[in-house]
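Take a look at this single chain in structure tokens; it is the form predicted alone.
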């Protein structure tokens, strides 16, 4: 499913002329002199369809659905692509309180905070207005920063894990 559309939370990046679509992301990579391979396209499609942050192995296994001609990315390719997207500020790591890394697109127009169950690991993207948005703008102004972003995750026990057990 497509990512939900929530309100704008961050100052626009210089590259925000194009929305976070496959075409826009492809153009962003090409403008940096990078070739668009089938593996890169498949990884981008996975990230565009993701409803929650994904681990590297999840991205790799989902990319199979978008692979052309049997070409599927290996783990090293996914790792390198996510590092590249992170460096280009097109993706960001999300802290889910786990040992492995999780990623999502860093589209400031679709910023999401997360609620994570500490028992089963369920991740719920929060659609509510971000409680840190005003503070973020104040911090940016006070310190003279631009393009300030944040990552906010809440941790607790989901309703299923809480049922019948003490809190």
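This structure is a prediction, so every number in the text was calculated from the model and none was measured. Positions refer to the first chain, counted from 1. Rigid core (definition): largest C-alpha set, two forms, superposition within 1.5 Å.
If you look for the form predicted in complex with a further copy of the same chain, you will not find it shown, but the lines that follow are about it.
- Although the partner is absent here, residue 135 is a contact residue: one of its heavy atoms lies within 4.5 angstroms of a further copy of the same chain in the predicted complex.
- Contact check for residue 26: no non-hydrogen atom falls within 4.5 Å of a further copy of the same chain in the predicted complex.
- Within this chain, residue 139 lines the site of a further copy of the same chain in the predicted complex, having a heavy atom no more than 4.5 Å away.
- Remark: residue 22 does not count among the residues lining a further copy of the same chain in the predicted complex, judged by a heavy atom distance of 4.5 Å or less.
- Heavy atoms closer than or equal to 4.5 Å to a further copy of the same chain in the predicted complex belong, across 122 to 139, to the residues 122, 124, 126, 128, 131, 132, 135, 136, 139, ordered by sequence position.
- Relative to the superposed core, residue 145 undergoes a Cα shift of 2 Å or more between this form and the one not shown.
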